[in-house]
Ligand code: UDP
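Only one chain is included here, represented as structure tokens and corresponding to the form predicted on its own.
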């Protein structure tokens, strides 16, 4: 009977402000989503964060509760996944967002911007915020901060979910939110983890609790390579930054999350079966979780939000219009990537000597007291005369640029990137080979995966002991290889084009990711709990 009911989908993320907004969206395939009116959702008017249900909620349909984090790479990925679930569920699901206030005004403004961009759509979404609370201050890294901040909100998340006057289908948690699996168990509802990055990283995290027992020294001190089932032998130098120091609380939290992943009813991962068959098979076979039941995995990617191009093309896109096909190397390093003058000089010299066309999105170090990159002061960051000498074949853009639009342009032939997974998927969607330059988080592991496991990238020598420094000669070599200089680059280009077809086929109706999405939607509809209690 539950399969014939409508469902409400609830997303939880971080913002200072709650909004009611109508979200319309059309994907690259023209998918259309139809959702119920806002009468299905609670009215929230209590500035203290209390939930005041709408009178009609007594007979409302079941709810799926999602809890992403506030950063764009997490929030927008899970929101897009929710939209696809709506489509595949045939109108049985709708969306609400519970909001946990972010710790900075900058993040709050970013989240508010995302909400405003969703307001002009045809999808009914309710944004609801939980009461604000002081974030932890005695932390040693972002992984510890996020994990503890989420854990602090567990009682408020439980109260919010329990107060919903409609059945609950499941909780779907960002992978830093596994402490909230206990909330789901307490309320007797299924719990799923949404994994924003790739299956290779998921295999490592599932394997990490056992590795912690097996390897008694720091990983960089061990002999040989690290065994991650489904991957080639992993050099310790390619492990994610949080794993490199076992005495750091960030490492402790990674082990914790890896252990709790196996407790979830399923893991939804932003990849496609065709991209990472070996890693996904190792997870399914239980090789990553010896002695523990392997989790059910739903690879539903690539999860990419496609938006119609603006009426007026961005200046970077107009510049690309004048370049030959596949002739431009794009250098772009994500929302947190920036370079000081010494590294910027090395990049400039490498690009100039490479002889290739380039589009370089350059951000400068954060302003004093700030955490986010600043717009680049090109006069301070670049060598004298560089812009003049390269003006006929290069463009340096000193602020944000529309990366997805740029990667879609026919003039782009290679991508020098920090290797974030969202950027990687955008590149593969368009068949653009990569040269990963990892800077933080899990990006060193991503770089290894792209080169050694997937074959879509050329390897770059990055000095981790010098804050991931790259010499000019190395960048020159990488750009030449990426843009057509040798066998490594040729193979990466061919493999990237194969992955382009695989990505697009996966999300077509009947494709592997579409099938996984269908299985997931069926499970979510079956899992609705009639009452969560108070």
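Positions refer to the first chain, counted from 1. Note that the coordinates shown come from a computational prediction; the quantities given were computed from them, not determined experimentally.
Not on display, but discussed next: the form predicted together with uridine-5'-diphosphate.
With uridine-5'-diphosphate left out of view, the stretch that reaches within 4.5 Å of it through heavy atoms in the predicted complex is, among 163-171, 334-342, 291-299, 134-142, 334-342. In the predicted complex, uridine-5'-diphosphate stays beyond 4.5 Å of every heavy atom belonging to residue 257. Residue 426 belongs to the set of residues with a heavy atom inside 4.5 Å of uridine-5'-diphosphate in the predicted complex. In the predicted complex, uridine-5'-diphosphate sits within 4.5 Å of a heavy atom of residue 420. Contact check for residue 440: a non-hydrogen atom falls within 4.5 Å of uridine-5'-diphosphate in the predicted complex. Note on the partner interface in the predicted complex: the residue among 96, 250, 403, 354 having a heavy atom within 4.5 angstroms of uridine-5'-diphosphate is 403.
73 is the sole member of 73, 431, 190, 242 with a non-hydrogen atom within 4.5 Å of uridine-5'-diphosphate in the predicted complex.
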